[in-house]
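To begin, one chain is listed below as C-alpha coordinates, in the form predicted alone.
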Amino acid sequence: MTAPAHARTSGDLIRAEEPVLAHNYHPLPVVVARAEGTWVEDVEGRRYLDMLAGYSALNFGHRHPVLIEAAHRQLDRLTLTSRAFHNDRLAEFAERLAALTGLDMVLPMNTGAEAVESGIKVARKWAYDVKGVPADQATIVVAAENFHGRTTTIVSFSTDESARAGFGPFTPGFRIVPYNDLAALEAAVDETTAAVLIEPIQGEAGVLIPDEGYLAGVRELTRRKGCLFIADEIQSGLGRTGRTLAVEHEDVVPDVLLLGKALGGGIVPVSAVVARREVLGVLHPGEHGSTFGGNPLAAAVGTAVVELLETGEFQRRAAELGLVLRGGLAELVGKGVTGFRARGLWAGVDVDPAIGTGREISERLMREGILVKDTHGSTIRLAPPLTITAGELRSALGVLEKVLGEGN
(Lines give C-alpha, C1' and ligand atoms only; values in the text may rest on other atoms or scores of the structure.)
Protein backbone atom coordinates (compact mmCIF):
# COMPACT_ATOMS: atom_id res chain seq x y z
CA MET A 1 0.00 0.00 0.00
CA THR A 2 1.22 3.49 -0.83
CA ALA A 3 2.14 5.46 2.27
CA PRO A 4 0.18 8.66 2.89
CA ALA A 5 1.89 11.73 1.51
CA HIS A 6 2.61 13.16 4.97
CA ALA A 7 4.56 10.00 5.87
CA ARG A 8 6.75 10.01 2.77
CA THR A 9 10.13 11.68 2.37
CA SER A 10 11.08 14.21 -0.28
CA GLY A 11 13.01 11.49 -2.08
CA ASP A 12 9.98 9.19 -2.09
CA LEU A 13 7.73 11.88 -3.54
CA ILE A 14 10.25 12.97 -6.18
CA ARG A 15 10.67 9.35 -7.32
CA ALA A 16 6.89 8.93 -7.40
CA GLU A 17 6.62 11.83 -9.86
CA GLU A 18 9.11 10.37 -12.33
CA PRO A 19 6.84 7.89 -14.18
CA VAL A 20 3.67 9.99 -14.16
CA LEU A 21 4.64 13.63 -14.71
CA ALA A 22 5.74 14.99 -18.09
CA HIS A 23 9.25 16.45 -17.93
CA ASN A 24 8.38 20.02 -18.82
CA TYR A 25 10.26 21.42 -15.80
CA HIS A 26 13.51 20.63 -14.01
CA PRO A 27 12.62 21.52 -10.42
CA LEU A 28 15.05 21.71 -7.55
CA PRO A 29 14.94 18.58 -5.35
CA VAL A 30 12.73 20.07 -2.64
CA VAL A 31 9.11 19.04 -1.97
CA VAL A 32 7.15 21.93 -0.49
CA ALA A 33 4.19 21.04 1.72
CA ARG A 34 3.33 24.28 3.58
CA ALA A 35 4.04 27.97 3.30
CA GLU A 36 3.41 31.25 5.10
CA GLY A 37 4.62 34.70 4.12
CA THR A 38 8.18 34.48 2.83
CA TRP A 39 8.84 30.96 4.15
CA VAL A 40 8.05 27.49 2.85
CA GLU A 41 8.41 24.13 4.58
CA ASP A 42 9.10 20.77 2.99
CA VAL A 43 7.49 17.43 3.83
CA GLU A 44 10.19 16.72 6.41
CA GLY A 45 9.73 20.03 8.21
CA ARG A 46 12.78 21.90 6.86
CA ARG A 47 12.15 25.61 6.32
CA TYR A 48 13.38 27.68 3.38
CA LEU A 49 13.31 31.40 2.61
CA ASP A 50 11.56 31.80 -0.75
CA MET A 51 13.65 34.12 -2.90
CA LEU A 52 11.80 33.29 -6.13
CA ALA A 53 8.15 34.01 -5.24
CA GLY A 54 6.75 31.84 -7.99
CA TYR A 55 8.43 33.92 -10.73
CA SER A 56 6.65 36.97 -9.23
CA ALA A 57 3.27 35.22 -8.88
CA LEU A 58 3.73 35.51 -5.10
CA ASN A 59 4.56 39.21 -4.85
CA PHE A 60 2.46 39.41 -1.67
CA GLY A 61 3.95 36.28 -0.15
CA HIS A 62 2.38 32.93 0.50
CA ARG A 63 -1.18 32.99 1.81
CA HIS A 64 -1.42 36.72 2.40
CA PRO A 65 -4.27 37.04 4.93
CA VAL A 66 -6.18 39.69 2.98
CA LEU A 67 -6.10 37.59 -0.17
CA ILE A 68 -6.94 34.33 1.60
CA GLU A 69 -9.90 36.02 3.29
CA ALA A 70 -11.16 37.33 -0.05
CA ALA A 71 -10.88 33.86 -1.57
CA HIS A 72 -12.62 32.16 1.37
CA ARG A 73 -15.43 34.71 1.31
CA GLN A 74 -16.00 34.16 -2.41
CA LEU A 75 -15.73 30.37 -2.16
CA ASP A 76 -18.76 30.45 0.13
CA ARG A 77 -20.79 32.37 -2.46
CA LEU A 78 -19.95 31.65 -6.11
CA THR A 79 -16.90 30.40 -8.01
CA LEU A 80 -17.84 30.08 -11.69
CA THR A 81 -20.62 31.06 -14.03
CA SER A 82 -18.67 31.17 -17.32
CA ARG A 83 -19.01 34.35 -19.33
CA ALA A 84 -22.36 33.12 -20.60
CA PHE A 85 -23.77 35.12 -17.68
CA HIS A 86 -22.76 38.24 -15.79
CA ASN A 87 -21.40 37.87 -12.27
CA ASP A 88 -21.41 40.38 -9.45
CA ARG A 89 -17.62 40.57 -9.00
CA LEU A 90 -16.27 41.21 -12.47
CA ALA A 91 -17.22 44.86 -13.08
CA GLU A 92 -15.53 46.10 -9.90
CA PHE A 93 -12.37 44.14 -10.70
CA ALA A 94 -12.21 45.56 -14.22
CA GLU A 95 -12.94 49.13 -13.11
CA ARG A 96 -10.30 49.14 -10.38
CA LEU A 97 -7.65 47.43 -12.50
CA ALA A 98 -8.20 49.92 -15.32
CA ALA A 99 -7.93 52.81 -12.86
CA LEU A 100 -4.77 51.38 -11.29
CA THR A 101 -3.05 51.16 -14.68
CA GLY A 102 -4.37 54.39 -16.19
CA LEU A 103 -6.11 52.60 -19.05
CA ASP A 104 -9.74 52.10 -20.04
CA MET A 105 -10.83 48.52 -20.66
CA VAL A 106 -9.99 45.04 -19.38
CA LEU A 107 -10.12 41.63 -21.04
CA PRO A 108 -9.85 39.02 -18.24
CA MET A 109 -8.05 35.77 -18.93
CA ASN A 110 -6.31 33.11 -16.81
CA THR A 111 -2.63 32.53 -17.54
CA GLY A 112 0.09 34.86 -18.71
CA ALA A 113 0.44 33.04 -22.01
CA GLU A 114 -3.30 33.50 -22.60
CA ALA A 115 -2.92 37.22 -22.00
CA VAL A 116 -0.10 37.37 -24.56
CA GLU A 117 -2.07 35.36 -27.11
CA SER A 118 -5.08 37.61 -26.53
CA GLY A 119 -2.94 40.72 -26.91
CA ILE A 120 -1.63 39.43 -30.23
CA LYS A 121 -5.16 38.76 -31.51
CA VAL A 122 -6.38 42.17 -30.41
CA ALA A 123 -3.41 43.92 -32.06
CA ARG A 124 -4.03 42.13 -35.35
CA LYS A 125 -7.76 42.90 -35.25
CA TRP A 126 -6.97 46.55 -34.54
CA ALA A 127 -4.52 46.62 -37.45
CA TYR A 128 -7.19 45.38 -39.88
CA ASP A 129 -10.18 47.28 -38.53
CA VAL A 130 -8.56 50.59 -37.56
CA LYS A 131 -5.16 50.94 -39.22
CA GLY A 132 -6.28 49.41 -42.52
CA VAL A 133 -3.57 46.77 -42.93
CA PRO A 134 -4.55 44.33 -45.72
CA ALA A 135 -6.07 41.05 -44.51
CA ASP A 136 -3.59 38.54 -43.10
CA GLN A 137 -0.63 40.89 -43.60
CA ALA A 138 -0.25 42.27 -40.06
CA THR A 139 3.18 41.97 -38.43
CA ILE A 140 4.28 42.28 -34.82
CA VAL A 141 7.81 43.28 -33.86
CA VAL A 142 9.35 41.57 -30.83
CA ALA A 143 12.73 41.53 -29.07
CA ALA A 144 15.35 38.81 -29.16
CA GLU A 145 15.83 36.81 -25.95
CA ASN A 146 12.20 37.46 -25.07
CA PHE A 147 10.05 35.24 -22.90
CA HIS A 148 6.30 35.63 -23.34
CA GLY A 149 5.18 32.04 -22.75
CA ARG A 150 5.34 28.65 -24.46
CA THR A 151 2.30 28.26 -26.70
CA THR A 152 2.95 27.42 -30.34
CA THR A 153 2.36 31.00 -31.49
CA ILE A 154 4.55 32.47 -28.76
CA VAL A 155 7.51 30.12 -29.30
CA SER A 156 7.27 31.05 -32.98
CA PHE A 157 8.96 34.34 -32.08
CA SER A 158 11.27 33.03 -29.37
CA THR A 159 15.04 32.91 -29.89
CA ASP A 160 15.43 30.17 -27.26
CA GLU A 161 15.99 26.96 -29.18
CA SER A 162 15.04 24.82 -26.18
CA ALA A 163 11.55 26.33 -26.42
CA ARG A 164 11.35 25.99 -30.21
CA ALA A 165 13.13 22.81 -31.28
CA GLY A 166 10.68 20.10 -32.32
CA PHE A 167 7.56 22.26 -32.16
CA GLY A 168 7.31 23.67 -35.70
CA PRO A 169 5.86 24.65 -38.10
CA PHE A 170 5.71 28.10 -36.61
CA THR A 171 3.22 30.93 -36.82
CA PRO A 172 4.28 33.68 -39.28
CA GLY A 173 3.85 37.41 -38.85
CA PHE A 174 6.63 38.29 -36.39
CA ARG A 175 9.87 40.23 -36.77
CA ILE A 176 12.62 39.86 -34.21
CA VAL A 177 15.02 42.70 -33.43
CA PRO A 178 17.71 43.08 -30.74
CA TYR A 179 16.43 44.22 -27.35
CA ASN A 180 17.37 47.73 -26.27
CA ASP A 181 18.09 48.83 -29.86
CA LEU A 182 15.83 51.65 -31.05
CA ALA A 183 17.52 51.91 -34.45
CA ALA A 184 16.84 48.23 -35.20
CA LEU A 185 13.27 48.64 -34.01
CA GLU A 186 12.73 51.66 -36.25
CA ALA A 187 14.02 49.72 -39.25
CA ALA A 188 11.67 46.80 -38.57
CA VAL A 189 8.46 48.81 -38.26
CA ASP A 190 6.55 49.51 -41.46
CA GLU A 191 3.00 50.05 -42.68
CA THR A 192 2.06 46.42 -41.90
CA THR A 193 3.14 46.64 -38.25
CA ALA A 194 0.27 46.17 -35.84
CA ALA A 195 2.33 46.39 -32.65
CA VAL A 196 5.66 46.30 -30.90
CA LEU A 197 5.54 43.72 -28.12
CA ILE A 198 8.28 43.88 -25.49
CA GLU A 199 9.01 43.17 -21.84
CA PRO A 200 10.05 46.42 -20.13
CA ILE A 201 12.56 44.22 -18.28
CA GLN A 202 13.46 40.85 -19.75
CA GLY A 203 13.08 38.44 -16.84
CA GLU A 204 13.87 35.00 -18.20
CA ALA A 205 16.84 36.40 -20.09
CA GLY A 206 18.44 37.29 -16.74
CA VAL A 207 16.62 40.45 -15.60
CA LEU A 208 17.92 42.57 -18.46
CA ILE A 209 17.16 46.25 -17.90
CA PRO A 210 17.20 48.50 -20.98
CA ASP A 211 19.05 51.79 -21.19
CA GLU A 212 17.35 54.85 -19.79
CA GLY A 213 15.17 56.29 -22.54
CA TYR A 214 14.56 53.01 -24.38
CA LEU A 215 10.96 52.60 -23.22
CA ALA A 216 10.19 56.25 -23.89
CA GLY A 217 11.76 55.78 -27.31
CA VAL A 218 9.55 52.77 -28.03
CA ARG A 219 6.53 54.82 -27.02
CA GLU A 220 7.51 57.73 -29.27
CA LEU A 221 8.35 55.47 -32.21
CA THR A 222 5.12 53.47 -32.05
CA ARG A 223 3.05 56.63 -31.79
CA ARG A 224 4.87 58.22 -34.72
CA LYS A 225 4.65 55.07 -36.87
CA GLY A 226 0.99 54.46 -36.08
CA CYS A 227 1.24 51.10 -34.35
CA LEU A 228 0.54 49.83 -30.85
CA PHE A 229 2.97 49.52 -27.95
CA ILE A 230 2.23 46.31 -26.02
CA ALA A 231 4.07 46.02 -22.70
CA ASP A 232 4.31 42.52 -21.24
CA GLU A 233 4.40 43.22 -17.50
CA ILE A 234 3.41 39.72 -16.43
CA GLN A 235 6.61 39.36 -14.40
CA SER A 236 7.71 42.98 -14.00
CA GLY A 237 4.36 44.47 -13.06
CA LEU A 238 2.31 44.88 -9.89
CA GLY A 239 4.94 46.28 -7.56
CA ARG A 240 7.95 44.12 -8.36
CA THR A 241 10.24 46.94 -9.54
CA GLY A 242 9.25 49.57 -6.98
CA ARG A 243 6.47 51.00 -9.14
CA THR A 244 3.09 49.56 -9.98
CA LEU A 245 4.41 48.98 -13.52
CA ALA A 246 7.97 48.87 -14.79
CA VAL A 247 7.09 51.29 -17.62
CA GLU A 248 6.39 53.93 -14.97
CA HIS A 249 10.15 54.31 -14.42
CA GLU A 250 10.09 56.26 -17.70
CA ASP A 251 6.60 57.73 -17.28
CA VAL A 252 5.36 55.67 -20.22
CA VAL A 253 1.78 54.52 -20.77
CA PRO A 254 1.52 51.75 -23.38
CA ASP A 255 -1.50 51.17 -25.58
CA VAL A 256 -1.86 47.60 -24.32
CA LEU A 257 -0.71 46.15 -21.01
CA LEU A 258 -0.39 42.41 -20.32
CA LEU A 259 -0.71 41.35 -16.68
CA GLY A 260 -0.75 38.02 -14.88
CA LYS A 261 1.13 36.10 -12.17
CA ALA A 262 0.78 38.38 -9.09
CA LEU A 263 -2.70 39.40 -10.23
CA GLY A 264 -3.93 36.07 -8.85
CA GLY A 265 -2.26 36.58 -5.49
CA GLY A 266 -0.66 33.14 -5.63
CA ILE A 267 -4.12 31.62 -5.18
CA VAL A 268 -5.71 31.26 -8.61
CA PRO A 269 -4.50 31.97 -12.17
CA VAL A 270 -5.60 35.47 -13.17
CA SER A 271 -4.37 37.46 -16.15
CA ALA A 272 -5.65 40.39 -18.13
CA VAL A 273 -5.21 42.48 -21.23
CA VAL A 274 -5.70 46.12 -20.24
CA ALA A 275 -5.86 48.70 -23.02
CA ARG A 276 -7.23 51.91 -24.42
CA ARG A 277 -10.91 51.72 -25.32
CA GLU A 278 -10.30 52.20 -29.04
CA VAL A 279 -8.02 49.14 -29.00
CA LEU A 280 -9.97 46.59 -26.96
CA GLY A 281 -13.15 47.97 -28.46
CA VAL A 282 -12.37 46.13 -31.71
CA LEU A 283 -13.52 42.85 -30.14
CA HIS A 284 -17.11 41.77 -30.69
CA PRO A 285 -19.06 38.92 -29.06
CA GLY A 286 -17.91 35.51 -30.26
CA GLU A 287 -14.51 36.66 -31.57
CA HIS A 288 -12.62 35.73 -28.40
CA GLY A 289 -13.44 34.06 -25.12
CA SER A 290 -12.49 32.00 -22.10
CA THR A 291 -14.68 29.78 -19.94
CA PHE A 292 -12.79 30.63 -16.75
CA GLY A 293 -11.56 34.11 -17.65
CA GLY A 294 -13.20 36.64 -15.35
CA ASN A 295 -14.74 34.00 -13.07
CA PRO A 296 -16.08 35.32 -9.74
CA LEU A 297 -13.35 33.72 -7.62
CA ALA A 298 -10.60 35.16 -9.83
CA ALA A 299 -12.30 38.57 -9.85
CA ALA A 300 -12.61 38.58 -6.06
CA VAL A 301 -8.94 37.72 -5.55
CA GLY A 302 -7.87 40.12 -8.32
CA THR A 303 -9.83 42.94 -6.72
CA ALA A 304 -8.14 42.24 -3.38
CA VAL A 305 -4.74 42.37 -5.13
CA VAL A 306 -5.61 45.74 -6.67
CA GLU A 307 -6.70 47.01 -3.25
CA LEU A 308 -3.30 46.09 -1.80
CA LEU A 309 -1.55 47.94 -4.62
CA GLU A 310 -3.79 51.00 -4.34
CA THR A 311 -2.18 51.79 -0.96
CA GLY A 312 1.29 52.09 -2.53
CA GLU A 313 2.78 50.14 0.39
CA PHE A 314 4.18 47.30 -1.67
CA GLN A 315 5.65 49.55 -4.33
CA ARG A 316 7.44 51.53 -1.57
CA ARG A 317 8.70 48.33 0.07
CA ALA A 318 10.10 47.07 -3.23
CA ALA A 319 11.86 50.38 -3.86
CA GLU A 320 13.31 50.68 -0.35
CA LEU A 321 14.35 47.04 0.01
CA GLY A 322 15.66 47.15 -3.55
CA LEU A 323 18.38 49.47 -2.25
CA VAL A 324 19.33 46.82 0.32
CA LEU A 325 19.42 44.18 -2.42
CA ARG A 326 21.57 46.30 -4.73
CA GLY A 327 23.94 47.23 -1.92
CA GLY A 328 24.40 43.63 -0.85
CA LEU A 329 25.01 42.42 -4.39
CA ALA A 330 27.48 45.23 -5.06
CA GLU A 331 29.56 43.97 -2.14
CA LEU A 332 29.70 40.51 -3.75
CA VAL A 333 31.07 41.70 -7.09
CA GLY A 334 34.57 40.27 -7.35
CA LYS A 335 33.76 37.71 -4.64
CA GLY A 336 32.14 35.18 -6.93
CA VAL A 337 29.70 37.58 -8.60
CA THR A 338 30.87 38.93 -11.95
CA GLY A 339 27.94 41.31 -12.40
CA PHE A 340 24.28 41.89 -11.66
CA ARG A 341 21.23 43.82 -12.78
CA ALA A 342 18.57 44.89 -10.30
CA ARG A 343 15.45 47.00 -10.15
CA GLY A 344 13.30 46.99 -7.06
CA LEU A 345 13.17 43.51 -5.56
CA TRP A 346 14.27 41.77 -8.74
CA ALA A 347 17.81 40.88 -9.71
CA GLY A 348 19.75 38.78 -12.16
CA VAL A 349 23.07 37.74 -10.64
CA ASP A 350 25.93 36.48 -12.81
CA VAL A 351 28.11 34.01 -10.94
CA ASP A 352 31.69 33.22 -11.92
CA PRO A 353 31.37 30.02 -14.01
CA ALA A 354 34.46 28.66 -12.26
CA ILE A 355 32.38 28.49 -9.07
CA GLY A 356 29.45 26.69 -10.65
CA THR A 357 26.50 26.80 -13.00
CA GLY A 358 23.34 28.60 -12.03
CA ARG A 359 21.76 25.23 -11.28
CA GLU A 360 24.62 24.19 -9.02
CA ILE A 361 24.52 27.49 -7.11
CA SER A 362 20.74 27.14 -6.72
CA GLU A 363 21.15 23.64 -5.28
CA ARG A 364 23.84 24.81 -2.86
CA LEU A 365 21.62 27.66 -1.70
CA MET A 366 18.74 25.23 -1.29
CA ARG A 367 20.82 23.11 1.05
CA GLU A 368 21.43 26.27 3.09
CA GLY A 369 17.71 27.07 3.28
CA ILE A 370 17.41 29.60 0.44
CA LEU A 371 15.29 28.95 -2.66
CA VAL A 372 16.23 30.66 -5.93
CA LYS A 373 16.16 29.56 -9.56
CA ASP A 374 18.77 29.65 -12.27
CA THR A 375 18.48 30.90 -15.79
CA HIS A 376 20.97 30.91 -18.67
CA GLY A 377 24.44 29.61 -17.78
CA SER A 378 25.67 30.81 -14.41
CA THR A 379 22.95 33.39 -13.79
CA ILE A 380 20.51 33.13 -10.89
CA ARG A 381 17.37 35.21 -10.35
CA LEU A 382 16.36 36.78 -7.06
CA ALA A 383 12.72 37.85 -6.74
CA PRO A 384 11.55 37.50 -3.13
CA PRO A 385 8.02 38.31 -2.00
CA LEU A 386 7.56 42.04 -1.47
CA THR A 387 6.70 41.19 2.14
CA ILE A 388 10.29 40.16 2.90
CA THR A 389 11.97 42.03 5.75
CA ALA A 390 15.32 43.79 5.51
CA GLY A 391 16.70 41.26 7.99
CA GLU A 392 15.56 38.30 5.91
CA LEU A 393 17.00 39.88 2.78
CA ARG A 394 20.37 40.53 4.39
CA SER A 395 20.39 36.97 5.74
CA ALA A 396 19.79 35.58 2.25
CA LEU A 397 22.61 37.71 0.85
CA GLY A 398 24.86 36.44 3.63
CA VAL A 399 24.08 32.86 2.67
CA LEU A 400 24.83 33.67 -0.96
CA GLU A 401 28.18 35.11 0.08
CA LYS A 402 28.92 31.94 2.05
CA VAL A 403 28.01 29.65 -0.84
CA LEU A 404 30.10 31.63 -3.28
CA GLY A 405 33.04 31.61 -0.88
CA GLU A 406 32.85 27.84 -0.54
CA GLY A 407 33.01 27.53 -4.32
CA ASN A 408 36.34 29.35 -4.60
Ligand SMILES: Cc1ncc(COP(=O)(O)O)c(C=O)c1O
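Note that residue numbering follows the sequence shown and begins at 1. These numbers were taken from a predicted model, which means no experiment stands behind them.
One more form of this protein exists, namely the form predicted together with the ligand; it is left out here, but the text below deals with it.
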Checklist entry - Is every one of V116, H148 and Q235 in contact with the ligand in the predicted bound form, taking contact as a heavy atom within 4.5 Å? => result yes
Checklist entry - Contact between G112 and the ligand in the predicted bound form at 4.5 Å, heavy atoms? => result yes
Item to check | Any non-hydrogen atom of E250 within 4.5 angstroms of the ligand in the predicted bound form | outcome: no
Checklist entry - Heavy atom to heavy atom, is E199 within 4.5 Å of the ligand in the predicted bound form? => result yes
Checklist entry - in the predicted bound form, does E204 have a heavy atom within 4.5 Å of the ligand? => result yes
Item to check | Partner-proximal stretch of 72-80, 227-235, 157-165, 180-188 relative to the ligand in the predicted bound form, 4.5 angstroms, heavy atom | outcome: 227-235
Item to check | the ligand in the predicted bound form - contacting residues of 253-267, heavy atom within 4.5 Å | outcome: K261
